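Next up: a single chain in structure tokens, the form predicted alone.
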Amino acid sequence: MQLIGVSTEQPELQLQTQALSLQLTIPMAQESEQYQYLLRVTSTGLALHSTQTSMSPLLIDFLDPNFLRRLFPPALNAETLIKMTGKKANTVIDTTLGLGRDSFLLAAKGFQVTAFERSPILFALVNSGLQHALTQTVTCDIAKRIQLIQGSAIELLNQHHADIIYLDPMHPPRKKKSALVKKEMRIIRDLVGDDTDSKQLLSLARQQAKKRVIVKLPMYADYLSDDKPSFSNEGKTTRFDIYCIT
């Protein structure tokens, strides 16, 4: 079984679907049973469907009411990531775009955000959501502050500097039989796998950042560096390690 194919249920989008297939170098799906996932092109954007489970499709919607309320004060200022950015910073590089929510929160705070994503599939999904956000009054100004770049963060970071560099690497899951992995994390893990170069990325980030590096990790994870962070913020399941640049 192949991992992913691209398809559409709308004949008028067939040419667009074929173009996406060529762009992402993934096959046009003839029979859905041959693929673990289907990237479907619709009139409203891209959605990733699981053919093997009953999971609802994954699509990036920055206008989802539950997310939208996080984008404006006071909820925005209460976000731990926003608190960790400190003062007098204007630019952020998000080296691990993922589903794009952290980049969108940072842009909502006013930062100019450059975001890297190595998975072409995740990049296409987030870009689809970003293009839709650009057409909506409530999110347009936020979306304009985000630049997406597809490629390896380590290769790209050599060419970019920012006040803050943010890492949210994919780590092996904690082995608990009772723990159910969230749908979105299961999909990201299938598409991206673990980030085996996280320590190297942190080392480079500390060279390229002007003010600080922020690393988001699960509470059970070890530090990414042999050097302890300048300080950490610990929550119930997540920890932010801050490396200040002196």
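Each residue number is its position in the shown sequence, starting from 1. Bear in mind the structure is a predicted one, so any value in this text is a computation, not a measurement.
One more form of this protein, predicted in complex with a small molecule, exists but is not displayed; see below.
*Asks:* Can we say Pro65, Ala108 and Gly129 each have a non-hydrogen atom within 4.5 Å of the small molecule in the model of the complex?
*Replies:* Verified in the model of the complex; spot residues all out of contact, no.
*Asks:* Leu58, Ala221, Ala29, Val192: which sits within 4.5 Å of the small molecule in the model of the complex by any heavy atom?
*Replies:* Flagged contact: Val192.
*Asks:* Of the options Ile164, Leu125, Ala153, Ile142, which one has a non-hydrogen atom that comes within 4.5 Å of the small molecule in the model of the complex?
*Replies:* That would be Ala153.
*Asks:* Given a 4.5 Å cut-off on heavy atoms, tell me which of 36-44, 50-58, 205-213, 192-200 is the interface stretch with the small molecule in the model of the complex.
*Replies:* Correct option: 192-200.
*Asks:* In the model of the complex, does Leu71 come within 4.5 Å of the small molecule, counting heavy atoms only?
*Replies:* The answer is no: Leu71 has no heavy atom within 4.5 Å of the small molecule.
*Asks:* Give a yes or no for Val113: in the model of the complex, does one of its heavy atoms lie within 4.5 Å of a heavy atom belonging to the small molecule?
*Replies:* Judged by the heavy-atom cut-off of 4.5 Å, Val113 is well away from the small molecule in the model of the complex.
*Asks:* Contact between Ile187 and the small molecule in the model of the complex at 4.5 Å, heavy atoms?
*Replies:* So Ile187 does not count as contacting the small molecule.
*Asks:* Do Ala89 and the small molecule share at least one heavy atom pair within 4.5 Å in the model of the complex?
*Replies:* Ala89: no, not in contact with the small molecule in the model of the complex.
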